[in-house]
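Encoded as structure tokens, the following chain is the form predicted alone, with no partner shown.
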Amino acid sequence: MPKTDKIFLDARELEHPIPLERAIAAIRELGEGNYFYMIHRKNPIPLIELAKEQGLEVLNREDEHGTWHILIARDTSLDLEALCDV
């Protein structure tokens, strides 16, 4: 099985617009076999819409503590459900 690299951002303590700026920079760097994983205090709808417009795979889930887990990948063969920590 090929190695999968996670690009991680904990945005829970960051103020707007820093999480979106950092997330956009990270998804620009996505290639085959890596993915972006962000945890946030809210569901970042603008980021999700932007990623989908670019044809990226997106998974967003809220855990039992109200923390959002957002995974984005360019590689459609990655199983984002399996990579999610929720």
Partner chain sequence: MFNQNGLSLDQAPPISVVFRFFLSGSLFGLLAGVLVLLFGTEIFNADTPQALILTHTLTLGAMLSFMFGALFQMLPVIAGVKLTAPTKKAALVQYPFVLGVVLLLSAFETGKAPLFISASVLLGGTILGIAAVMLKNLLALPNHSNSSRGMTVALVSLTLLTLLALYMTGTLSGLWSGAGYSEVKTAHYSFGLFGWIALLIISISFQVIEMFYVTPAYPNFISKSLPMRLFGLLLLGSIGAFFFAQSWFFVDIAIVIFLLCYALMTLRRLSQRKRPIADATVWLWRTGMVLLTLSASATLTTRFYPVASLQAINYIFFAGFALSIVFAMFYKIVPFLTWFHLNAQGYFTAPMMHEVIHPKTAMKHLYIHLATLAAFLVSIYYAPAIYLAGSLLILSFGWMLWQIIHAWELYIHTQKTGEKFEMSMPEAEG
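Residue numbers count along the first chain shown, from 1. Everything quoted here is computed from the prediction, not taken from an experiment.
Keep in mind the form predicted together with its partner chain is missing from the figure; the text below concerns it.
Its partner chain is not drawn, but in the predicted complex it has a heavy atom within 4.5 Å of K42. Looking at D63, you'd find every heavy atom of it more than 4.5 angstroms from its partner chain in the predicted complex. Its partner chain is not drawn, but in the predicted complex it has a heavy atom within 4.5 Å of I27. At the 4.5 Å threshold, heavy atoms of D75 reach its partner chain in the predicted complex.
Residues L71, D79 and E81 are none of them found to lie within 4.5 Å of its partner chain in the predicted complex, as judged by heavy atom distances. Along 52 to 82, a non-hydrogen atom within 4.5 Å of its partner chain in the predicted complex is carried by E53, Q54, G55, L56, W68, R74, D75, in order along the sequence.
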